[in-house]
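Starting off, we have a lone chain in the form predicted on its own, written out as structure tokens.
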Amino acid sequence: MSYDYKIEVRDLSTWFGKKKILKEISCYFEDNSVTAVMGPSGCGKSTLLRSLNRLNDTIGSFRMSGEVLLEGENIYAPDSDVYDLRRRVGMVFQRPNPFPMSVRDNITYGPKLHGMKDIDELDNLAEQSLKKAALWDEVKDSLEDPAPNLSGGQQQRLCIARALAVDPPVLLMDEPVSSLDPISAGKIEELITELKKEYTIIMVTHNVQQAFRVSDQAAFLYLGELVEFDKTKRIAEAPSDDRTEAFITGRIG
């Protein structure tokens, strides 16, 4: 099936119980690009992100209307395979969450679940995934050590490597550097810029300057409404809505 965008969101509304969180959101995410989703706390950023791999489904009171198309196919269709969806749309969370196992086993856990058994293939995959996450040189001599022993920044890069190990075309990041020190955060930003050569990346961030540094396009959410969606450079230079300008200048948020 042909498709215009890697992911397309059409008139998406979401509710938790009776509370409406997202209001008729329509936007798209292109191949090999970084999109920053910005907005003040409680505006619906994480809800939008989690709608793209159906993580909101785990909350019993959640319901939605509209469509989310991944490579032209509606991920909310009745016959959609949610297990396969979450392989194709990886997720990196705000706080690093390595599994309580070795560095190597963190990387190979997902591929093993998907049926990969050959030891040499798994070892090669672990190496390539860690290299993509710019972590290989730091951990190549300690692959059997417990992953929680790594520093916070290393743990987050490990979580990125773990997501990449199952080869998802899309990578979601929910404020991936907010719990890290500035040096570790800088490494993650450099990594994001490198990874977009192979992946579509959608990143929630509360840091306007970070969004301007690493993203190609940006979405500004306010009270569940998509106020502005455009190339990041244009939003940074000339936001079309007063609310966007107020946010990027620090007057709201």
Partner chain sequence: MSQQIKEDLSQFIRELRSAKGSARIDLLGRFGLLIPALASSAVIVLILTFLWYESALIFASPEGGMGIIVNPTWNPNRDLYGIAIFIAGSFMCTILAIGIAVPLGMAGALFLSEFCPHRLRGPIRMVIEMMAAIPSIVYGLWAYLVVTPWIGSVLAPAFGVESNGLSLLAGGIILAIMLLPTIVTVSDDALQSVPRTLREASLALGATSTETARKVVMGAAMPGIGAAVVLSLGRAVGETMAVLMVTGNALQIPFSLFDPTYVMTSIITNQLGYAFVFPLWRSALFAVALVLLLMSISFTIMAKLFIRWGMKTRGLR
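Residue numbers count along the first chain shown, from 1. Predicted model, so just to flag it, every value in this text is computed and none were measured.
Here the subject shifts to the form predicted together with its partner chain, a form of this protein not shown in this document.
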TODO: Indicate whether Pro169 is a 4.5 Å heavy atom neighbour of its partner chain in the predicted complex.
DONE: no
Open item on the list: in the predicted complex, is there a heavy atom of its partner chain that lies within 4.5 Å of any heavy atom of Gly153, even though the partner is absent here?
Closed with: no
Open item on the list: Against its partner chain in the predicted complex, would Ser41 count as a contact residue? Criterion: heavy atoms within 4.5 Å.
Closed with: no
Task: Contact label in the predicted complex: Trp136 to its partner chain, heavy atom within 4.5 Å - done: no
Task: Listed residue (Ser142, Ser179, Asn149, Asn74) with a non-hydrogen atom within 4.5 angstroms of its partner chain in the predicted complex - done: Asn149
- [ ] Just give me the single entry in Asn53, Thr205, Ser215, Thr200 that has a non-hydrogen atom within 4.5 angstroms of its partner chain in the predicted complex.
- [x] Asn53
Open item on the list: Quick check for you: of 45 to 53, 185 to 193, 26 to 34, 221 to 229, which stretch puts a non-hydrogen atom within 4.5 Å of its partner chain in the predicted complex?
Closed with: 45 to 53
TODO: Give a yes or no on whether each residue among Asn124, Lys132 and Leu158 has a heavy atom within 4.5 Å of its partner chain in the predicted complex.
DONE: no
Task: Heavy atom within 4.5 Å of its partner chain in the predicted complex - qualifying residues of 8 to 41 - done: none
